[in-house]
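Consider the single chain below, provided in structure tokens and representing the form predicted alone.
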């Protein structure tokens, strides 16, 4: 599990909140890569796009359609925030696949901040848009009257569990894939099972590339679902 260790960039014995670490470095590199793709790569836009422009437009259109389909036209107002989440998670996940790199999204400390930002934002938005009517999200009016108080308690609990499941899903899947690859790599030194270990590494690496995108997609589409609940809270 040493690949998930937080280490100071300058060898400091104690790590404080302001200490530059390998997590800080790779999050910074992810931001620079995003700027390179979405800003520098699209400066010379053309009707016939370059490869970089095509990738940037594909990412933009993919997230735009996701927000519109899930949260509706009203949700497009918040597209920049959703796009930021998606592209940051994707780049963090993919950069973490490089040899000797570090994956910030494998740490619950990173994913829980992202999830809490979504949770607090959509909750404040719901109250801002609807006032106390936002509490209608927890009142299942279509259910029989005797069951509604019980369902309301279930809905409240499930609502406050959202940031927990939102963050653990991303960190858990990313960490598990990297750990399995490391386990296969440990067996690669044994000449008897090295061929099988190499096949396992290649297979898991290919799966992790897919998981890196899928987990970013899942995190983003759940954000869109929560946004939809904030904009249209009534059952």
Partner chain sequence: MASETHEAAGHAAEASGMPQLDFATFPNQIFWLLITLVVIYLILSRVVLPRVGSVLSERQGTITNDLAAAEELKQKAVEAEGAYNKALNDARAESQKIAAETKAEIQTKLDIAISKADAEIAAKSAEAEAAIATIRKGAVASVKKVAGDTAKEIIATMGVKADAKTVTAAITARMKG
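It should be emphasised that the depicted structure is a prediction, and the values quoted were computed from it without experimental measurement. Positions refer to the first chain, counted from 1.
From this point on, the text means the form predicted together with its partner chain, which you will not see here.
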>> Counting any heavy atom within 4.5 Å as contact, can you tell me which stretch out of 155 to 163, 67 to 75, 126 to 134, 107 to 115 lines its partner chain in the predicted complex?
In response: 107 to 115
> With a 4.5 Å heavy atom cut-off, would you call residue 180 a contact of its partner chain in the predicted complex?
Replying inline: no
>> My question is simply whether residue 119 lines the interface with its partner chain in the predicted complex - judged by any non-hydrogen atom within 4.5 Å.
In response: no
>> Is residue 141 near its partner chain? Define near as a heavy atom within 4.5 Å, in the predicted complex.
In response: no
> Quick one: is residue 43 in contact with its partner chain in the predicted complex, heavy atoms, 4.5 Å cut-off?
Replying inline: yes
>> Just to make sure I understand: among 63 to 89, which residues lie within 4.5 Å of its partner chain in the predicted complex, judging by heavy atoms?
In response: 79, 80, 81, 83, 84, 87, 88
